[in-house]
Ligand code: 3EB
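Single chain ahead, written as structure tokens, the form predicted on its own.
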């Protein structure tokens, strides 16, 4: 762990988690079951995601810090913790908990997604953190067809309906995000970061904006920006959405894990260039990123690790999870967070 001004991300081992200071922690995500209790953790919200860790690691804790004192709360099913300018929240909804399907919400996943996003938006409106920065979505059986539609497409439709109903944008100024598969029987889990001030919303010059995808990918396009860039007094934070081997709107290098990994890293490098262009004080680089890597087939892990080792710094913070990715022809997806301290005169 290292101290930093402003928002910060740590990936902690169980021992580090047990000994961590908690005063400025906003929230935690776990990936292999509920976390062990930690002294002082109190009512800190924990998003429990069912996507197995790879590399034989028993537990890794994703810990978000604000760099400032924080307080916890709950609004309906959203658990949150907030500092003066930042908020972390999470919600988990089992599809069995929601009302029966209706014409407006034709599947249990649709209903759960709409309920989750409506509660998230209502929480942010009530607490005065209007700007979603980054959203993580984990839904079980992401590629299974139900009610005649792939579940990922159901999720996209429901997310768009809920955001529109809450008066929020579905194009342009929309948060960075990821949507991954979780184990069968898991609830829909959404966790998020929000702020009182707007970030910059970034797109990748190599890719079509996801919210403009043609209808071949579904009747309702995904709602996310390729990255968002938050400027605080002392630091910049770059949130890179789940990124894969897509150029324009097409998946490329189908079946070639190594080539897909390299293309994904090229897309991330293009986003870093865009962030450094938009914010002249920024100095983001591949070596400065914390990465979460989603691997469709665990047997591909050595190939993916080798490509990342060639591109990233030796001490880069990387965790690997097994998860289905939004398109069935994609074998790897990488999301990343970059932190850059600002000079006093920046």
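Residue numbers count along the first chain shown, from 1. Just so you know, these numbers come straight off a predicted model, no measurement behind them.
Heads up, the form predicted in complex with 3-(2-carboxyethyl)benzoic acid isn't pictured, but that's what we're talking about next.
_Looking at 161-169, 73-81, 223-231, 194-202, which stretch has residues with any non-hydrogen atom within 4.5 Å of 3-(2-carboxyethyl)benzoic acid in the model of the complex?_
Stretch 223-231 is the one.
*3-(2-carboxyethyl)benzoic acid isn't shown here, but in the model of the complex which of 237, 156, 264, 257 has a heavy atom within 4.5 Å of it?*
The residue in contact is 156.
_Counting any non-hydrogen atom inside 4.5 Å, which residue from 90, 179, 108, 93 sits next to 3-(2-carboxyethyl)benzoic acid in the model of the complex?_
Among 90, 179, 108, 93, a heavy atom within 4.5 Å of 3-(2-carboxyethyl)benzoic acid in the model of the complex occurs only for 179.
*Exercise: residue 137 in contact with 3-(2-carboxyethyl)benzoic acid in the model of the complex, heavy atom 4.5 Å*: Heavy-atom contact with 3-(2-carboxyethyl)benzoic acid at 4.5 Å: present for residue 137.
*asked:* So, residue 275 and 3-(2-carboxyethyl)benzoic acid: in the model of the complex, are they within 4.5 Å at any heavy atom pair?
replied: The answer is no: residue 275 has no heavy atom within 4.5 Å of 3-(2-carboxyethyl)benzoic acid.
*Taking heavy atoms only, is residue 131 within 4.5 angstroms of 3-(2-carboxyethyl)benzoic acid in the model of the complex?*
Heavy-atom contact with 3-(2-carboxyethyl)benzoic acid at 4.5 Å: absent for residue 131.
_4.5 Å heavy atom contact, residue 187 and 3-(2-carboxyethyl)benzoic acid in the model of the complex_ = Output for residue 187 is no: heavy atoms all beyond 4.5 Å of 3-(2-carboxyethyl)benzoic acid.
*Could you tell me if all three of 213, 242 and 326 have a heavy atom no more than 4.5 Å from 3-(2-carboxyethyl)benzoic acid in the model of the complex?*
Contact check passed for all of 213, 242 and 326.
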